[in-house]
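Each of two forms of one protein chain follows alone as structure tokens, named structure 1 and structure 2.
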Structure 1
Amino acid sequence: MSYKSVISVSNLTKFYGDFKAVDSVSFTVDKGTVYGYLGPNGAGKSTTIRTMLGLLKPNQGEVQIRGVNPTKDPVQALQCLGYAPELPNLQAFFTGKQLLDFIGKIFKLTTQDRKKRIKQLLELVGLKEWENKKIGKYSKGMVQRLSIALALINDPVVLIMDEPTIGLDPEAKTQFRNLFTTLSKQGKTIFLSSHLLDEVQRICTHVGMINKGKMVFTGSIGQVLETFTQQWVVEAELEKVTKTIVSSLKKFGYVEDVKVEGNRLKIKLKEKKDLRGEISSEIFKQKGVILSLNLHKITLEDAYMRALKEGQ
């Protein structure tokens, strides 16, 4: 089957009774992309994901996974897909190994393949010693790890993860972030919903932002930063901040505002230009001693906040 994008969501609308949870959302995710899906609580992220999996039926619009609509043909659409839900509720009566085996059977893996894959995955997620323990006895973090293993049991082409690192310890978070990067390099497409913006900025190549059910932005990380960057900020740490330094900087035409925080100066620039040279010469002129001088363009968090604000 030919398809342009691995995931294609077009004009997706979903109502819960009278409440419009998702409103004409459209985006595409291309092969090998790590797509971060951002939005505040109740924005419609999980509804979008659940519709992408065919668990919810859209009122309008369509989802396609590798050219197949999961609502119409879940068997074909989901065969190549792995899904790790947010705070998963796994079958507590199974052991980790049994659950992986059960899901492997649904994916039609042979007994030998299941055995091999289960061993690999339990080692990968650090649950080898817990493989024969009932899931009911697992901690939240262990359930999350098992959920990621479940998502990988079929060696999927597309991975959909809803807050995958929630409940994990910092070491495991780093481990799984590295894993996602490795999987992406292997050509897998990853769709990731997360509240952790620094995580998204670190892992993702593209982002989509949703607020109150409406798509606010979709594009590459570079595009989002460019689109929502209004000004750059130079942050200077001085030995001592004096009034003369502050007033002389304020007089400059390219400086919009100067804020003093202890021995730090936050200098907002009017233009998107690296003006650290000019600023440092001015501070030297006023006999200031610079300890550090950094240029902050914009973080994903800034862009995200601005996107949500503009989208309202």
Structure 2
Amino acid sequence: MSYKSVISVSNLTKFYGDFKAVDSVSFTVDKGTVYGYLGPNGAGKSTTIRTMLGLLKPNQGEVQIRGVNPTKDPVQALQCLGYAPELPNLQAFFTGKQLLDFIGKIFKLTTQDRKKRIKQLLELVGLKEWENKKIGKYSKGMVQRLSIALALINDPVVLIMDEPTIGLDPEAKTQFRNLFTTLSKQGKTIFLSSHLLDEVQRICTHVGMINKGKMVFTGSIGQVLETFTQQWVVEAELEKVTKTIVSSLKKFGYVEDVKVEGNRLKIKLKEKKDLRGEISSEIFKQKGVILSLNLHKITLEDAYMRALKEGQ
């Protein structure tokens, strides 16, 4: 059976005693999506993930992974899932290849299938040259890459990861971004929890934002930036700013305000449109020389902070 939404969370509610950790959370994640699950500490991210893994039973609502409820049928649901924790604690006395083989046996893969799968995964995560080295000799980034390979040993449809790039150097982060792109192109659905908003903006196609147990936004990266953008600004650096240039720009109907800072202009727009063409034409018309012209929209961090504030 084919499912467009491989992850479906509906009205998920979970109490710890009198404390409501998750309050009527709902979202869906489609096949091939890289979905970032964002929120401050204590927002309900870990509770949501534990329920998705079948480790917690919700008080209300449900989770479905390809139509299977993990709390009711955990064995079948886990056949579709792979999980890489934030701080993987792997057995240091194993080699990477040995540990992958051991986990493959748990999933009852045949010897032939294990050999083929292990070779593919070690190449995928860039650990082929380290397959026979003890895990105790691995760097932190290598341990995290091996953790992802372990999560993929059963060829899951959904890969769930908790803070996958935290503490990694820039080179390792780039490798992870490339890996996530490759996996999504292979049809894997990636669900990751992270505090690193710059990385999420680079990696993810969609995001969900949770605060104090409630969802405050879910949608594509483009949608979240558009929803929480208050204003677009064009910043122009000129060889020389003249009063004629400033006054002519202020007369445009799409310009709300023009601020002068030395040889720079900050032009606030009334609409969320890229109007650099019209602005540059007017500056040239007024005999101005443009050194640079940039459009400033909003970062995911800006949108995140606004979403949390509006959701309070």
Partner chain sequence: MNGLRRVAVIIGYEWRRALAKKKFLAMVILVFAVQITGFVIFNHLLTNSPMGLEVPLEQIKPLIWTLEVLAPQGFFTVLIAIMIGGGSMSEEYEHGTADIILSKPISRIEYVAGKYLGGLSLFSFVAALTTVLGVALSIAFFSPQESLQFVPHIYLAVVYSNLVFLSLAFMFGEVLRRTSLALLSAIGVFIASTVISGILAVVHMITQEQIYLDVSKWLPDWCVVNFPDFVTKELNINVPLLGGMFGSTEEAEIFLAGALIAVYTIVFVVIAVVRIIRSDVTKKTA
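These numbers come from a predicted model, not from an experiment. All residue numbers here refer to structure 1's sequence, counted from 1. Between two forms, the rigid core is defined as the largest C-alpha subset superposing within 1.5 Å.
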Review point. The form predicted alone: 1 or 2?
Key: 2
Practice item. Using a rigid core alignment, state whether the CA of L179 is displaced by 2 Å or more between structure 1 and structure 2. Key: no
Check your understanding: When the two forms are laid on each other by their rigid core, does T189 show a Cα shift of 2 Å or more between structure 1 and structure 2?
Key -> no
Point to revise | Core-aligned CA displacement of K212 at least 2 Å between structure 1 and structure 2 | key: no
Practice item. Determine, in Å, the CA shift of Q144 between structure 1 and structure 2 after the rigid core is used for superposition. Key: 3.1
Check your understanding: Taking the rigid core as the frame, how far in Å does the Cα of S248 move between structure 1 and structure 2?
Key -> 11.6
**Study point:** between structure 1 and structure 2, how far the Cα of K133 shifts once the core is aligned, in Å
**Key:** 7.3
